[in-house]
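Next up: just one chain, as C-alpha cells, the form predicted on its own.
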C-alpha cells in the first residue's frame, strides 16, 4: 500500500529526516497562492501513486505566478500510467549539488531486512541494479536486529562521503531504517537524497509502501485519512464496493470477467486465460464456503463492469460447495439479470448437484439462461478457457 510523496514526507519530518516544506493543492488557483507564499522558483509535482512522473511531464519548475498557473493546469490535466493527477505538491526548487539514493526493503529470498544505498540518486534504482549491480550497496539485517550508528556510518563511507557529509547522512540512514520498522513498511526510499548548494541534505522525494495488513497497529496512519489502497493507484469504485462487501477483488485491464472459487483456482484460471490469448479484467476470491448471496454479489461486480465482454466461471469445490455456487448464480440471474455471455465449469464437492440445480432452474425460466453455458467435470478447463477467450474476441 503506497503513500503519496507528501504523506511520506510528513512521516519523514516526524522522524527527523530533513525534507522540503511544501503545500498540497488541488486547483490552479491554490497552486499560485501556495507558490507565492513559498517564494520562487518552485517545483510543481504531480501526486500519483506510481513512478515515472518526471518522464510523463508531472514535475515542472516555475519561476513566477504565470508559469505556475500554466504548468499546474497542464499537470492537473495529465493521466500518468492511467492514473489521473488530482493533487499537486508545491515546494521550493532546490539548488542541488549532489544526489544519492537511500532505501530499506525486505530481502525475501534471505528473510532479512536490507539497507540499500547508491552514490547515484534520482535514477531508477531497479535499472541501476540490472545494468551496474556493483554500484548498489547493501547492508543486511536479521528481521529483529536493531540498527546502530556505525551502520549508518558504514553506509555513508561506502557511498564515498566524508567529513560533514558523512556526519549528516549517516543518521538519516539510521532514521530511515527505524521508520521502516516502526510503520511496518515494505519499502521506504529517499530518491534522491540531495545535498543543496548551501550544504544541507534533504529528502527531495519520498516513497513509502506500507503493509496494509498491519494498519490496525498504526492509528497515526489512519488519523491522516489514509485508508487501504494499492501499491499504485487508489481503489477503483468497484474495488471499493467489493471491499465494503468483504470480497477480495482487484481490477485489471482485460475484458474477461474472472469468476473463480478460491484464490488459488482464481490464479490458475487467470493463467489459462492468458495462455489462450485472452486478458482477465479482474482477480477475485470468493473465500472459503461462500454463501449464495456472496456469489451473487461477485457476479454483480462483473456484470456491471463495462470493460467485461464475457464472464468466465471456474469453480473447484473443496470447502466450498458447487450446489451453493449454483444457487448463488441463479439468485443473481433472478435478482439482477445477465447482460453478457457467461461460461461456467464446476468440479469437486457436489458438482453433480450443482449441475442439476442449474438444469432445473433453466427448465423453469429458460429466458434467464440464454447467455450462460454451464459444464461439469466432463469438460476440460482448457476447453472452457478457450471458449471464454473466443467469446470475448467475437463480442
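Numbering follows the first chain given and starts at 1. Since the structure is predicted, the reported quantities are computational estimates derived from the model, not experimental observations.
The next section is about a form of this same protein that is not shown, the form predicted together with guanosine-5'-diphosphate.
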- Closest heavy atom of residue 69 to guanosine-5'-diphosphate in the predicted complex, within 4.5 Å or not? no
> Using heavy atoms and a 4.5 Å limit, would one call residue 322 a contact residue for guanosine-5'-diphosphate in the predicted complex?
Replying inline: no
**Prompt:** Could you tell me if residue 84 has a non-hydrogen atom within 4.5 Å of guanosine-5'-diphosphate in the predicted complex?
**Reply:** no
* Give a yes/no on whether residue 338 approaches guanosine-5'-diphosphate to within 4.5 Å in the predicted complex, heavy atoms considered. => no
Note: exactly one of 139, 247, 76, 204 sits with a heavy atom within 4.5 Å of guanosine-5'-diphosphate in the predicted complex, namely 204
Students should find that, of 152, 260, 192, 117, the residue having a non-hydrogen atom no more than 4.5 angstroms from guanosine-5'-diphosphate in the predicted complex is 192
Review point. Quick one: in the predicted complex, does every one of 5, 61 and 94 get a heavy atom within 4.5 Å of guanosine-5'-diphosphate?
Key: yes
Only one of 46-54, 29-37, 366-374, 329-337 sits within 4.5 Å of guanosine-5'-diphosphate in the predicted complex by heavy atom distance, namely 46-54
